[in-house]
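Have a look below at one chain only, the form predicted on its own, in structure tokens format.
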């Protein structure tokens, strides 16, 4: 009997090629242990509310009123909700054709897209066109829409930083394209060298691959670095010279933990450069309500903005968005609130600033606690987390540990992370899930556990790691560089 359409053997091969380590073997084992009663600390995914971060009050009040508009007719509504939240709820409901239960335009509510455009204009100092902004179900959906538009087949390549967020490798595999890696340099604080980019493109072209796009993640995931203005200019010039569209993943732009390198959008730097490049280089930028001090991952709100994309191409992207009818409408309201928060003088302003500032200041302290904790461990080195939500320490595994992993038929850093999980309940992601140089091993963990729990978590990690190294080192002065 021939295989049925949904038997494993007859599935789309691109589906099988797609891998997503953040919810891979480690996560599945952690879920099993949790069912068995073990306490698990899920640091494998940037999911702030799941690790105890409290939602911001004002946006939840506004969306609650939008979800239950009959409350606005209650004479006592002002006793439960501040006047500015009531006014904003009415404002957003006026954008819809029938409340939050009605479809919106496939690009998102025009009023919210206008708010996003105004935010971009304030941030960058250059006006933005709401017609070139699409609201999406999280930034990931937008990334997939654009990769789908760019990739025509396996002969098309996309430059992706390594280590990379596995959304990119998975989506490129799913759409039948080719991932072209460019390696970030760990010893230079995960910086990139344009000479390495040119080499990556040359290698791809030698294999018959047409490189069509480049991805940057700024601030970096999993590496946590912030790109400098000089670096962004180099990248933009490179893309212009090589005729590449630049995909700027900027979802962590609120998550900055140092003052030397503030976030700069690729769009602002491009516009500042002026001349033909600012009018011709194709750029798509992504943002989300899931990160920053919002952390509203489950709401699934995001947007992408297109710069220098021809009108006929925009129409085709709109057509494909229309197949899904409408992005999630409540998340569009969250996006409007993120880009247009309470202003000085508003009733809710002081509370909003207090809550958001408190979250960011705590994240900055947690970034330092985690970096220092890893660097205090035997055979572990970790760059400071300048931005985003993750630490990505290098684990210098002794040869005997690598050999034990081979015997267990595991990649060496998967072996280490599984042992860590079993011993401590800390669920991480092995560096091999993000890509890394041959013979070098890492893990990724979020910096999101509650600040008061951080010392205990890092002490638990240190105890496990130092015992692991004691078990597998041969005590002849071995050190991996």
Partner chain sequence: MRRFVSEGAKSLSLVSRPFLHRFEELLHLRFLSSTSVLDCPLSSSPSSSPMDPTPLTVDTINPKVLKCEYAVRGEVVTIAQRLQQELKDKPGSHPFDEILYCNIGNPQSLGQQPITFFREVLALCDHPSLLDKSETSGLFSADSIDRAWQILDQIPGRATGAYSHSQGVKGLRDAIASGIEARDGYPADPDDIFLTDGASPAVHMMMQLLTRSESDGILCPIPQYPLYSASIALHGGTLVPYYLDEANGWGLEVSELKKQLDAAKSKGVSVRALVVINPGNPTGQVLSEENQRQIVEFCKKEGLVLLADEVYQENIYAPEKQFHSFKKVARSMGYGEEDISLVSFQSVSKGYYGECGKRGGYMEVTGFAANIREQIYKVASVNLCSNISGQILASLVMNPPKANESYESYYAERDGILSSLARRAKILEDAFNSLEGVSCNKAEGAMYLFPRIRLPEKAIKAAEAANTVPDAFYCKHLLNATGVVVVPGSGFGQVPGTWHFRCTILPQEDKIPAVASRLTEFHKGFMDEFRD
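Positions refer to the first chain, counted from 1. Treat the numbers as computed from the prediction; the structure is a model and nothing was measured.
Keep in mind the form predicted in complex with the partner chain is missing from the figure; the text below concerns it.
- Taking the partner from elsewhere, every residue among 60, 100 and 299 has a non-hydrogen atom within 4.5 angstroms of the partner chain in the predicted bound form.
- By the criterion of a heavy atom within 4.5 Å, residue 84 is excluded from the residues contacting the partner chain in the predicted bound form.
- Although the partner is absent here, residue 46 lies within 4.5 Å of the partner chain in the predicted bound form, judged by heavy atoms.
- A residue is said to contact a partner when one of its heavy atoms sits within 4.5 Å of a partner heavy atom; residue 295 meets this definition for the partner chain in the predicted bound form.
- Although the partner is absent here, residue 206 sits far enough away that none of its heavy atoms falls within 4.5 Å of the partner chain in the predicted bound form.
- In summary, among the residues 400, 152, 365, 90, the only one with a non-hydrogen atom within 4.5 Å of the partner chain in the predicted bound form is 152.
- Among 124, 250, 346, 105, the residue placing a heavy atom within 4.5 Å of the partner chain in the predicted bound form is 105.
- Heavy atoms within 4.5 Å of the partner chain in the predicted bound form are found in exactly one of 336-344, 307-315, 215-223, 110-118, that being 307-315.
- Applying a 4.5 Å heavy atom cutoff to the partner chain in the predicted bound form picks out 260, 261 from 247-274, in order along the sequence.
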